[in-house]
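Only one chain is given next, in structure tokens, and it is the form predicted on its own.
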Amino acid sequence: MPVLPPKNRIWNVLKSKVSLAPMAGVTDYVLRSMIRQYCKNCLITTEMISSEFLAQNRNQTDILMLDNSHHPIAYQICGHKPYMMQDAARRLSEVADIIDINMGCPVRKVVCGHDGSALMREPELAYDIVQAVKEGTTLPVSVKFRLGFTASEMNYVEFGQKMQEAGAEFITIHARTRSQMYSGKADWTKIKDLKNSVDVPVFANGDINSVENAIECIEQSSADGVAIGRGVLGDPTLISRIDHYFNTGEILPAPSLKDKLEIMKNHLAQEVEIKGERVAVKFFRKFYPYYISGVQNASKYRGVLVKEDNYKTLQEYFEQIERELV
């Protein structure tokens, strides 16, 4: 089990050794609510929020949607202009418990805009951004980044030290480089070098999709906790089961296929309620492969589900899938 570092104020917010990692277009209000339903204490994180978007859409409230049960919650911001990042932090401090800065997103359009992982190539600018955000909020500030931009530019130890020096109180590190995107295998062993070089809590991220993976990750990385991203796709109970293990040493079983189908139906129903049928049905297509993985004829159903626009018809397909489980 992870050994907690000496108490500092971040542990007044981090009440669990597990967190929900931010995922653009995935960790929306509904998924965050579902994670909280299963795990009462984990840190949950919003989708990445562009500081420039916030500056240009001051009346936009959807992205700030919050339920009181969501606390503790980190709002993640991205950008490369310190004054805009400071303004975003100031605004989001009204709803957040932590302001998290994205310096790890590998997506081309983000990197080409000098945001996300691109900042690992500009540590001085990254330092200025953290300091600016610190000046814009009284909340704890965290940073999420990767091992480096490429295999030959693995500067994560020095980068982490610099982020701590700038005022970051918590680090989440995805154990891949930007050039790897999400390919290959996350190298959890490298995280130990960072953990041994900073005094702030470090959560490991990447390829953690089971309780057993989380245990192995902690053993290899010596991290203080784990951040779960894609592992919750199709299984929103995963974080709660990892949290349960860290607290009790007991490994709870993963949900059955029948359980996953029930969770899927509930997930889509909540999306429809929040977003409306037309938007929700299209938005939800990305989740089907994960929820129905393991179902007989899953590829056939997936091909049908992702093309269907009618919510009632989708429900009929769900019933058909359930009958095949019997």
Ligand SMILES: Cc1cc2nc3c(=O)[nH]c(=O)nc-3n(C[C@H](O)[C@H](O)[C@H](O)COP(=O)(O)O)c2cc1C
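These numbers come from a predicted model, not from an experiment. Don't overthink the numbering: it's just position in the shown sequence, from 1.
Keep in mind that the form predicted in complex with the named molecule is missing from the display, and what follows is about it.
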| property | result |
| --- | --- |
| Joint contact, 36, 239 and 259 to the named molecule in the predicted bound form, by non-hydrogen atom at 4.5 Å | no |
| Contact residue in the predicted bound form, chosen from 230, 71, 192, 90 - any heavy atom within 4.5 Å of the named molecule | 230 |
| Listed residue that, although the named molecule is not shown, lies within 4.5 Å of it in the predicted bound form (heavy atoms), from 142, 205, 117, 221 | 205 |
| The named molecule contact at residue 48 in the predicted bound form, heavy atom, 4.5 Å | yes |
| Residue contact check: residue 178 to the named molecule in the predicted bound form, 4.5 Å heavy atom | no |
| Exercise: residue 182 in contact with the named molecule in the predicted bound form, heavy atom 4.5 Å | yes |
| Residue 23, heavy atom within 4.5 angstroms of the named molecule in the predicted bound form | yes |
| Segment that reaches the named molecule in the predicted bound form - one of 119 to 127, 148 to 156, 250 to 258, 206 to 214, heavy atoms within 4.5 Å | 206 to 214 |
| Residues in 67 to 81 close to the named molecule in the predicted bound form, defined by a heavy atom within 4.5 Å, in order | 76 |
